[in-house]
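In structure tokens, the next block holds one chain alone, the form predicted alone.
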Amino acid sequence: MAQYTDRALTEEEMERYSRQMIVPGMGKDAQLRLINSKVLIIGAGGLGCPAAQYIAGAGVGTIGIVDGDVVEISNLHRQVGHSTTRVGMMKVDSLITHLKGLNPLPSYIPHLTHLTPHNAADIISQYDLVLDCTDNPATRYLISDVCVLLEKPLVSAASVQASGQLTVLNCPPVPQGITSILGVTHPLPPCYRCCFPKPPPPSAMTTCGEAGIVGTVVGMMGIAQAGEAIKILAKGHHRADILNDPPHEPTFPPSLLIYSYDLEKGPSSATFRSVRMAGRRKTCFACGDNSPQNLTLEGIQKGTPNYDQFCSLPSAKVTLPMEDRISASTYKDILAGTQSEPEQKILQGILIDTREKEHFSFGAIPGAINVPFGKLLTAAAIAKREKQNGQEGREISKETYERLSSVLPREILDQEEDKKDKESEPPIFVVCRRGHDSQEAVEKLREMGLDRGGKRKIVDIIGGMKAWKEEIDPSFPFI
């Protein structure tokens, strides 16, 4: 690798990078490899900001940043590359402004867009190594697939609430379709699909906006990404020719680093653990033996595979018919008893708020009962098992009733056998944050038989608490 380390360091480079160059294993050659490297950071948020700071500080010569969003105040507790004075600025421009103040020597390349199947190959092909700092499963699969096809190493991380994970993929790069090399007995480096052949179910996909995030947790994972990237580049692993010069030991044994942080416990509650992962899979869609028939750059640009469909990403389309939905304004009239059409009058009933308790604690519609969406799904699973065990009727066993009542309020479960009129039994109204989870919640409550075979009306409030703020109470603390 002499072609990358055959020049002298400048006086400024010597002074700026001296403290890391004297660390055993670094030195001048490693620093020059960093200076001659090109890194792409996809996502200028909670992961991308700390990763970019340490990569820039370490002296990586060219740094590209991809993001199509603007800086918001709610970003600033964790996205430390931005500032209050740059709220409203494109995140890429904001982060580059910050990085230039930290280290003006690297070249910074802005990509003011979201990564898509149409532009991914053009952007990624310009760089030596990629950091996936996104929070979208579909984008993670897209990034990994393109990195396999372009033979780029990938450092991928994710973080939500108080936990995070990181893994190094396709390093050193191995051409697509090769799952074994003569003389190499250790597993070849996997891609993202090798580790996660199937995406998580849509109900398990949460964002920082929905589930929350501890800034220090996502910061730890972003710094760890930078550390792995610096290691790869300094040692030249991104340029290793694994086919003609195979290593005797795996450069990066396949593993998943998991970080967990418990807000309820003392300092020892923060833990790292490493889980061993399998290597490249022969049957992998993206890099396995038959993968060249499945995945091509041309196919990706034309929409094959369809990443959104593969991940079954939740969409904003309405799944409930309109007769099973009401507006926030209509629910306000129900509470006040001022419905304009008496023949369409709906009785006051029970309002279930499916937001997490932390969201609920900031404010709620008067009389709402907090049943977090996850708990409601747990109750639905209990009821489903009861049916599978032969309890198909409307009645549920006492044992199951007790299990359900530990999750759902008893006023929802208690049946009133003497009320036969469809409108005589109090209806159930469901509200969530934005009007998506509430639709699924209505379906789950019906699956549990809580509509009493049609005798009890169950409806959701369109647009959730966001609509309540916009239509009814502008002072409501929606977060």
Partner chain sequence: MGDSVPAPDKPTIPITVDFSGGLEMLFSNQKRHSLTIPATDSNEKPATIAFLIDHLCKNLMTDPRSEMFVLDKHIRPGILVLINDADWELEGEEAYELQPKDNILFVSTLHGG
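Numbering follows the first chain given and starts at 1. Owing to the predicted nature of the structure, the values given are computational and were not obtained by experimental measurement. We call the rigid core whatever largest set of C-alpha positions still superposes within 1.5 Å between the two forms.
Separately, the form predicted together with the partner chain exists; it is not shown, and the next lines address it.
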Please tell me which of D135, D93, D128, E228 lies within 4.5 Å of the partner chain in the predicted complex, judged by heavy atoms. D135
Of L404, A364, V160, A328, the one that lies within 4.5 Å of the partner chain in the predicted complex (heavy atoms): V160
All three of V218, R276 and R385 touching the partner chain in the predicted complex at 4.5 Å, heavy atom to heavy atom? yes
With the partner chain left out here, work out from 110 to 118, 151 to 159, 170 to 178, 286 to 294 which stretch has heavy atoms within 4.5 Å of it in the predicted complex. 151 to 159
Using the partner position in the predicted complex, report whether G349 sits within 4.5 Å of the partner chain, counting heavy atoms only. no
Determine whether any heavy atom of G81 comes within 4.5 Å of a heavy atom of the partner chain in the predicted complex, and answer yes or no. no
May I ask you to state whether P199 is within 4.5 Å of the partner chain in the predicted complex, using heavy atom distances? yes
Taking the shortest heavy atom distance, is D324 within 4.5 Å of the partner chain in the predicted complex? no
Going through 42 to 57, which residues have a heavy atom within 4.5 Å of the partner chain in the predicted complex? Please give them in sequence order. G46, L47
Taking the rigid core as the frame, does E447 move its C-alpha by 2 Å or more between the shown form and the other one? yes
